[in-house]
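This document starts with one chain, in the form predicted on its own, laid out as structure tokens.
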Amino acid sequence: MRIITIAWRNLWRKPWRTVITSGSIFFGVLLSTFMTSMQYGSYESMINNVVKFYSGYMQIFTQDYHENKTINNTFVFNDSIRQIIEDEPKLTNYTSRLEYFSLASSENLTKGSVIIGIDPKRENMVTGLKKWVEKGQYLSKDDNAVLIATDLAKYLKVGVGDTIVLYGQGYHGVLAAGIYPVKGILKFPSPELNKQFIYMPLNSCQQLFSAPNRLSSLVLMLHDNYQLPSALSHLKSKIKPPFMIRSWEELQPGLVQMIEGDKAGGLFMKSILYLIITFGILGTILMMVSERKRELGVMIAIGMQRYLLSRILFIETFFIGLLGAAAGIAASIPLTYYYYLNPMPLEGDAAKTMIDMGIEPYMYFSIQPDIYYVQAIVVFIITLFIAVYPVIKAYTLSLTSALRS
């Protein structure tokens, strides 16, 4: 205990030396946390763009529909499935959909489209569909109208108030055909969604395809992606054939591969950053020991045993690392939180690239707790490895040269 007290007092005999030394650790934690927050924020943005625009965190459908997405493999939403969903505490909301393909036509123009029958109120609560209405109005439950994506509307040369014809094949091969007014134009950040999506009330969609009460999927939402593993595991244990449940990761394997690839590149960049941090901390520790060379020599000359001196130096470095890491976390929390609330807007080619990928052109940040403590622990461990140098120096210090310095 006495050694700890001595080490603590030694730090503050020359406070600026301590501040400078711990400052290198502080900036190491701050930079690595900022970089990690930006990296994980971009992943969360990609995931949110997928789950909140369309897929949800999880979807329930039949095993046959998973293998062959035809309207004949749809299902009726029964009480047993409803009870399982409502009993899951981590779910924040869910919505029903009937999704199928049809031809959309206006005058002499025709294009294949994805028709999505929705419960307008629940769909808006799950995916915020209403905010993407650029012109016109959002749907209500009893409407017999459609919302059409902007690029598809331009191709068909229709606007709000015009009508389009939908025709295709319905349930068990029945002819599906209907004329619907355009109530609103949707503009998504994703070009792919803008080219093909048409939304209509669920009842109207079921009538169009002669599939009363039938659904293609149930879309489930959570508070965030970190709750997905436990919720998915619990629901998989409850949902039995012919039904099945899949996460967004299973529904969007391409996005998962992209994130994993980016993580590998991010790990390489972070390794370089840690290497820079290591040399920065090592340089300040070397400076500190060199500056105290005469002081250490005097302590040995008056009778302090070298193993006690090495323990004091190690504890001093430990305290410096602890102070720097704590200060780095304290500074990084408000900094990343500010950018979490105010994402950095991107411009030029970077913005265009992100829009083409279906991602909003902003640099997002994450505030998940592990971002902070993991970086602090890594930098602190680096500091403890570097603390071996003062220990070795205490044993190898030449008394004669130290007293003459």
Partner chain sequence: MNVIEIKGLTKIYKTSEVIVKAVNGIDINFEEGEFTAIVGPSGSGKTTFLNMLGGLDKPTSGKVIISGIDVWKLSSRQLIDFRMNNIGFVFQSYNLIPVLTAGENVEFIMHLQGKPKKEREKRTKDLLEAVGIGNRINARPSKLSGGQQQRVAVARALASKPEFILADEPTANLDSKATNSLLELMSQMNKKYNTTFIFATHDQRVMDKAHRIVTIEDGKILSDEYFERD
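Remember, it's a predicted structure, so these values are computed and weren't measured experimentally. Residue numbers count along the first chain shown, from 1. In this text, the rigid core denotes the largest set of C-alpha atoms whose superposition between the two forms falls within 1.5 Å.
Heads up, the form predicted in complex with the partner chain isn't pictured, but that's what we're talking about next.
Contact check at 4.5 Å (heavy atoms) against the partner chain in the predicted bound form: none of 17, 315 and 327 pass. Taking a 4.5 Å heavy atom cutoff to the partner chain in the predicted bound form, the contact residue among 249, 119, 88, 295 is 295.
Residue in contact with the partner chain in the predicted bound form (any heavy atom within 4.5 Å), chosen from 335, 286, 244, 300: 300. Heavy atoms within 4.5 Å of the partner chain in the predicted bound form belong, among the stretches 175-183, 304-312, 228-236, 189-197, to residues of 304-312.
Annotation for residue 316: C-alpha shift of 2 angstroms or more between the shown form and the other one, rigid core superposed. The Cα position of residue 307 differs by 2 Å or more between the shown form and the other one after fitting on the rigid core. Residue 202 shows a C-alpha shift below 2 Å between the shown form and the other one [criterion: core-superposed Cα displacement of 2 Å].
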